[in-house]
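Below you will find one chain, with nothing else, as structure tokens; this is the form predicted alone, and questions on how it binds or moves follow later.
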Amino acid sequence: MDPKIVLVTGATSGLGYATAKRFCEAGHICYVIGRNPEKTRKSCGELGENAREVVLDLTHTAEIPATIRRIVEEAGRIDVLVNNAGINMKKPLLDVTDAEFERILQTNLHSVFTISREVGKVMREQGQGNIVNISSMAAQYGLPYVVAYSASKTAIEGMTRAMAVELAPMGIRVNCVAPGFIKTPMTAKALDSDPPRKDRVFARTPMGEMGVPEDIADAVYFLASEKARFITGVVLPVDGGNSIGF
């Protein structure tokens, strides 16, 4: 790709960090959006001269429009938005409170809508842009104990298709990557304390292993590139076959 201005949310660790690194190493300017100042600054230092620090708690959706305006004033444009930030909670359905359910949706869904809307306005003026959302296997089949996370990620996939259809005439492509079980701190926390669940993951993954964050970063990079110019509205599982495994 020609040098782009890229925004990656939740870019201080895991899939977001790997994605930001992929863009930075390819010569693009990447705005690393994180809610923790120390982690965000540290990540930018590691990612090098193409990384730009943006401290923002995405649950504070009222702050998103001004943040996007500041980025555009500095960079002049926004070519790619990667909606990666997300949180999870493992808890039996009947014990989940309204507040806990809403907290997951606020981060994983509401903030994605708000930042996509604001960046979409910028891309409309440019006549081009790419948005890549991050979903999950929790949207591909039923996963117990993560009802709020599953609801948020299933909604992301529906929103991806709706956004793609509406924004395509404006030159904006919208796609989604659905990671399988990837070696990240979030996955480790979910699986290491639950050996039967971990065994089940491997049993239904035809390739017989977990992925690495770079697998997701490469998929995102492809979907944001000109090589995917005729692709919009897709949900791409990057899962070693987990979503179709028996």
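All values reported here derive from a predicted model rather than from experimental measurement. The first residue of the shown sequence is 1; numbering continues from there.
Missing here is the form predicted together with a small molecule; even so, the following discussion is about that form.
Just one listed stretch, out of 197-205, 63-71, 180-188, 217-225, contacts the small molecule in the predicted bound form at the 4.5 Å heavy atom level, and that stretch is 180-188.
For the chain shown alone, Glu53 is not a contact residue for the small molecule in the predicted bound form, no non-hydrogen atom being within 4.5 angstroms. Although the partner is absent from this view, Thr12 contacts the small molecule in the predicted bound form, with a non-hydrogen atom inside 4.5 angstroms. Proximity of Asn84 to the small molecule in the predicted bound form: non-hydrogen atoms within 4.5 Å are present.
In the predicted bound form, at least one heavy atom of Leu58 sits within 4.5 Å of a heavy atom of the small molecule.
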